[in-house]
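Shown below, as structure tokens, is a lone chain in the form predicted on its own; questions about how it binds or moves come after it.
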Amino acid sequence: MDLPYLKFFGLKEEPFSTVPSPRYFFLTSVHSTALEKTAYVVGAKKGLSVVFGDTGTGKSSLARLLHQKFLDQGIVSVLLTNPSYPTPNSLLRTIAQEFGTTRTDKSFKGMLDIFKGFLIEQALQQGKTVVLIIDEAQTLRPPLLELLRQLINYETNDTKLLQLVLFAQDELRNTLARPRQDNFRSRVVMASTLEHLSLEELRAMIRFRWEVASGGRQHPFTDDAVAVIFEQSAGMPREANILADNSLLLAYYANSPKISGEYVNQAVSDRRANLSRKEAA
């Protein structure tokens, strides 16, 4: 169903959705650097890279963008978005299934052999780059990390057969800092950290997303509105998009073609009031 403000503001699509769509992902210099560093590690077949970031900094969007970029380049790429499996065997079976392996085995060792055979056939014999991207990697427990360590250990004298990219919150950084994770941490070739947006980056993000959703029109947010969004979101892309969307709806209800800081402040107040409201006894 179309949102009520789309026609009013001349929009074709929702500009500030929090669904991680690569089309609406605004690449800051930090995001671009993380993308380039990660693509380099994968392209050079060096093994493991990690991208850290707080909730709402664009990790999931960047993971999807990277995955699509690899597919467009003919790379064999799989993206896992929920890696919190109960056992290494269940994670391994999912990985093998997502890569399209047709063989299976009841034992864990049998599945390892099958997946290793797949990597040899794809990466070694056919010369393809095989990459596994895992989002929300902070949910990986130590036994699952050990499985991934085993998988990236498959290698020739020159290259890794599997390229692994992890996108994670700082919880994973804390996990890898533990002494028992030395073997895994030492295999990280390159790491990046996604930072919050600056005011100028936030302004550019709003402009970019509006142009995509409207087909090139100028957005209706005043400088004051953008400043309030920046202040209230602390430069977090997801939070900024939520505030922009709520402000858009309020302006529509007020029949206002412009979105001022007043509407953003009202959106902030309404959201806080509803989030803190307790159910009646």
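Note that the coordinates shown come from a computational prediction; the quantities given were computed from them, not determined experimentally. Note that residue numbering begins at 1 and tracks the sequence as displayed.
What comes next is about the form predicted together with a small molecule, which is not displayed.
Checked against the small molecule in the predicted bound form, the candidates 26, 230, 252, 70 yield a single residue with a heavy atom inside 4.5 Å, and that residue is 26. Partner proximity in the predicted bound form, defined as non-hydrogen atoms within 4.5 angstroms of the small molecule, places exactly one of 210-218, 252-260, 51-59, 36-44 at the interface: 51-59. The shortest heavy atom separation between residue 246 and the small molecule in the predicted bound form exceeds 4.5 Å. At a distance threshold of 4.5 angstroms between non-hydrogen atoms, residue 273 is out of contact with the small molecule in the predicted bound form. Under a 4.5 angstroms non-hydrogen atom cutoff, the small molecule in the predicted bound form has residue 205 among its neighbouring residues.
At the 4.5 Å threshold, heavy atoms of residue 266 stay clear of the small molecule in the predicted bound form, well away from it.
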